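To begin, one chain is listed below as structure tokens, in the form predicted alone.
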Amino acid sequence: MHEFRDSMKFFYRYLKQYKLSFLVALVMTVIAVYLQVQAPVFIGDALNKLVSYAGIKMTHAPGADHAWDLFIGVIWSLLLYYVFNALANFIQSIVLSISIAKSTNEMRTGLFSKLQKLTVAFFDRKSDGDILSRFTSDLDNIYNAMNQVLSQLMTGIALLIGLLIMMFDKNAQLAWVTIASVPVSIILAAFIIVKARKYVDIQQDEVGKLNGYINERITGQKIIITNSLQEETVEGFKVHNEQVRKATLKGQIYSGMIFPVMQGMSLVNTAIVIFFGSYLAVHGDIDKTVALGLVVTFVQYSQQFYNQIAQLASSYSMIQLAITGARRVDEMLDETEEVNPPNGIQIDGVEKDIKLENVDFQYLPDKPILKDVNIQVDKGQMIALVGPTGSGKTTVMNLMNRFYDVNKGSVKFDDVDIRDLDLGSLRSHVGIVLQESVLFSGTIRENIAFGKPDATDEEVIAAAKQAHIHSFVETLEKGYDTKVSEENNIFSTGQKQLISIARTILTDPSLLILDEATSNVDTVTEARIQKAMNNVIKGRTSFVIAHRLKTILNADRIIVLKYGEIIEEGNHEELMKENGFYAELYNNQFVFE
């Protein structure tokens, strides 16, 4: 019930602005239902008049022509009812389709907008495939359910109410007989629905895991090929796919049982109505002249009544997929957004220094990453962070850009805690070049100007020249207008890195963070990247997370981290004289190179 209630709140949030459209659809539904429940009355009336006409003809009594005219009149009325019924249903369908299309579009836009406000911690915790499945599988399920089931629900519920009113108005005894077996049907449907719901929920969660696995393997396909792990990857896929198959199969089996069970109950109920109707016609107080028409009318009502129950019950699987989709989408919408302090302080860059004071940090409880770390970098200095994997180097970068907040201590820009700074202002003055560079679909010019969309061509070219990528771009037929995409990626790893550096140069950050920017390239490309890095570092406060130690020999200070603690600090010459952990790292690396 908790999931259902939350899902209804989710749907109401997006559908409430279309109240007028739903009111029009409801009016059309009532009209259509009224016409539909009146149809069996006309059928019964037509049958009675046809019997009357036949009796007059057989006895050669006068009035046959009049009886025939009455019969034809009823038939024409019945046809008109069906025409207006179809028209009302058509208007209802159009109005609902437009409203549903707009609302699901707003859901998709809202979800993507929310995605842009979430913390880095969220993206570290969730797989890309699982996030993507909420945009595709879950929102598609919501759209399909609302588009196909909402109209059916409105019509079905209204029709059930209309049928009950008509049946009790016509004959209370036959009405009670018609609905006597409904409780049994509801109990059977409820049992099946509870079973189906469990596996539909599991199905969507497993689909998210499968999408995550597929996305991960596609991203790392080159690694899989170079290590000949194709068969193992397929086996891993089969495991996830089998989990989806099992959940889907069980969900579909239970969902598929609803309609045939209801149809079976409908046939039983029809037989009961015919039996008791006939009994009441013979032994009851029903007028014998209209008994046949009344029984036929109630057979029609019985079939319509159970048909609606069957359709409503059989649509449960789609409804549950929508409820599950709403839960999964709402989960993301409820995720914690980045906290931008009210009246956050605006800064114009680093004027004096940056400090990490007594910083403790952990991603997971009881698993500390940084322990009482103290770092100070003066304006214009280059600080290098070195240490083994897992020592906390990248975590320092995450804290300075406020991707995460410290558990203890503080990070300060010019003695102001960054938690008091406006996030936009902070990040506009921090430039990052990551180990894995990212290019977006678009032109080379758009990629370089990504952080400064209003940059002039002269600024873009100047940044490219400083990053030592201009000469390569000039060799391309369309130059800076060359399109780049996943399918048309003309850059090597090193060239991508140079584009990232050009992008950073263009934003002119006060603080520059380079996260092992040369670790994935050959030595020739490394030299070019190093020249570009020297250009971007010049005159700026910078942190360099170093993998190849020879790239940081000119650093003003080198900080050595191990197990989240600073164990050594100084420039290259000072640390080599100490002959400690840094000297060991450098000598070992030099030997291997």
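Note that the coordinates shown come from a computational prediction; the quantities given were computed from them, not determined experimentally. Residues carry their position along the shown sequence, with the first being 1.
Keep in mind that the form predicted in complex with a small molecule is missing from the display, and what follows is about it.
A.B. asks: Tell me, please, which stretch of 501 to 509, 388 to 396, 448 to 456, 130 to 138 lies within 4.5 angstroms of the small molecule in the model of the complex when heavy atoms are compared?
C.D. replies: Result of the contact check: 388 to 396.
A.B. asks: Even though the small molecule is not shown here, does Arg540 get within 4.5 Å of it in the model of the complex, heavy atoms only?
C.D. replies: Judged by the heavy-atom cut-off of 4.5 Å, Arg540 is well away from the small molecule in the model of the complex.
A.B. asks: Ala189: heavy atom within 4.5 Å of the small molecule in the model of the complex?
C.D. replies: Result no; Ala189 lies far from the small molecule in the model of the complex.
A.B. asks: Evaluate Tyr404 for contact with the small molecule in the model of the complex, applying a 4.5 angstroms cut-off between non-hydrogen atoms, and reply yes or no.
C.D. replies: Yes - in the model of the complex, heavy atoms of Tyr404 and the small molecule come within 4.5 Å of each other.
A.B. asks: With the cut-off set at 4.5 Å between non-hydrogen atoms, does Asp415 touch the small molecule in the model of the complex?
C.D. replies: Although the small molecule is absent here, Asp415 would stay clear of it in the model of the complex, with no heavy atoms inside 4.5 Å.
A.B. asks: Between the options Asp124, Glu331, Asp169, Glu474, which residue brings a heavy atom to within 4.5 Å of the small molecule in the model of the complex?
C.D. replies: In short, Asp124.
A.B. asks: So the small molecule isn't shown here. In the model of the complex, which residue out of Ile369, Ala384, Val373, Met107 has a non-hydrogen atom within 4.5 Å of it?
C.D. replies: Spelling it out, the residue with a heavy atom inside the cut-off is Ile369.
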